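Let's start with one chain on its own, the form predicted on its own, as structure tokens.
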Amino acid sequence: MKRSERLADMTKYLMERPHTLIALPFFAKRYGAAKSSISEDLAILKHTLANNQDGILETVAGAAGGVRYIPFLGKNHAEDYLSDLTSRIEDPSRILAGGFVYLSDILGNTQDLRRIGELVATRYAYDDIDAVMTVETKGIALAQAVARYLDVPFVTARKRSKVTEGATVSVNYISSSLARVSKMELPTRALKKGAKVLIVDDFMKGGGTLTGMEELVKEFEGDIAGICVLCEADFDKEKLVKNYLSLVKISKIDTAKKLILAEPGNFLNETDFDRF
């Protein structure tokens, strides 16, 4: 196999298995090449990824060592994408009743989900996370995208349990959008005790739904590794959650004037991009 062919296959193999440690002898056997040649190939790949700020190739020394691909985007990529995303979200046709914004086209777009998943995974690339959690239904695709790049499971809290999920743990929480007490449930098999959980959701107004997920994690004696939302409404009311990240902040929605004002959220300032 030519070096160019090895590099193409090696890149594909590693990027399909983020955060997975691959031993160098595996590649040597796969390509019928000397370990020295594999090391040179990996050095080329590492330099290319770093130069383009498209990911980090991390080597681990020792008998049990190897190499692993860490999805990690550079700040320029993040700024460009969030600038484009913010511009699209400011489209006045997205205004919905109740101060909400239509996001289903973004959450259904595979390219948007890929980029959002990579972005959030960049922020938590070196955090110890056991699972990604969201609540049905809009956040499911988002949680799956993030979990894919962190290489961890994702779990979905539901407003009403299904018989196929077995026994569940439930909590009551204040739904800020509905101004009433609501309930959400999670199967007992969904999370291990003591799990470190990253909570993600598509849209936050008051943060009531996020506090419900926080309470569910506590019921499993787990820890909150972080909270990240695609959009936050920064005009509605005081938030019930304090420590959270948002990719986009919507500062104003004027239904009468058909106006949405948005800007990148605190995600850029709260993420350390200096890893390359």
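Residue indices: 1-based, along the sequence shown. Just so you know, these numbers come straight off a predicted model, no measurement behind them.
Keep in mind that the form predicted in complex with another copy of the chain is missing from the display, and what follows is about it.
S.K.: At 4.5 Å between heavy atoms, is residue 100 in contact with another copy of the chain in the predicted bound form?
M.R.: Residue 100: yes, in contact with another copy of the chain in the predicted bound form.
S.K.: Is residue 39 a contact residue for another copy of the chain in the predicted bound form, using a 4.5 Å heavy atom cut-off?
M.R.: No, residue 39 stays farther than 4.5 Å from another copy of the chain in the predicted bound form.
S.K.: Does the 4.5 Å heavy atom contact test between residue 27 and another copy of the chain in the predicted bound form come out positive?
M.R.: Contact check for residue 27: no, nothing within 4.5 Å of another copy of the chain in the predicted bound form.
S.K.: Taking another copy of the chain as it sits in the predicted bound form, is residue 275 in contact with it (heavy atom to heavy atom, 4.5 Å or less)?
M.R.: Flag for residue 275 set to no.
S.K.: Choose from 223-231, 241-249, 48-56, 210-218 the stretch whose residues reach within 4.5 Å of another copy of the chain in the predicted bound form, heavy atoms counted.
M.R.: Of the stretches listed, the one contacting the partner is 48-56.
S.K.: Going by heavy atom distances of 4.5 angstroms or less, which of 190, 89, 78, 116 would be at the interface with another copy of the chain in the predicted bound form?
M.R.: In short, 190.
S.K.: For the stretch 127-141, return the residues whose heavy atoms include at least one within 4.5 Å of another copy of the chain in the predicted bound form, in the order they occur.
M.R.: Counting only heavy atoms within 4.5 Å of another copy of the chain in the predicted bound form, the contacting residues of 127-141 are 136, 137, 138, 140, 141.
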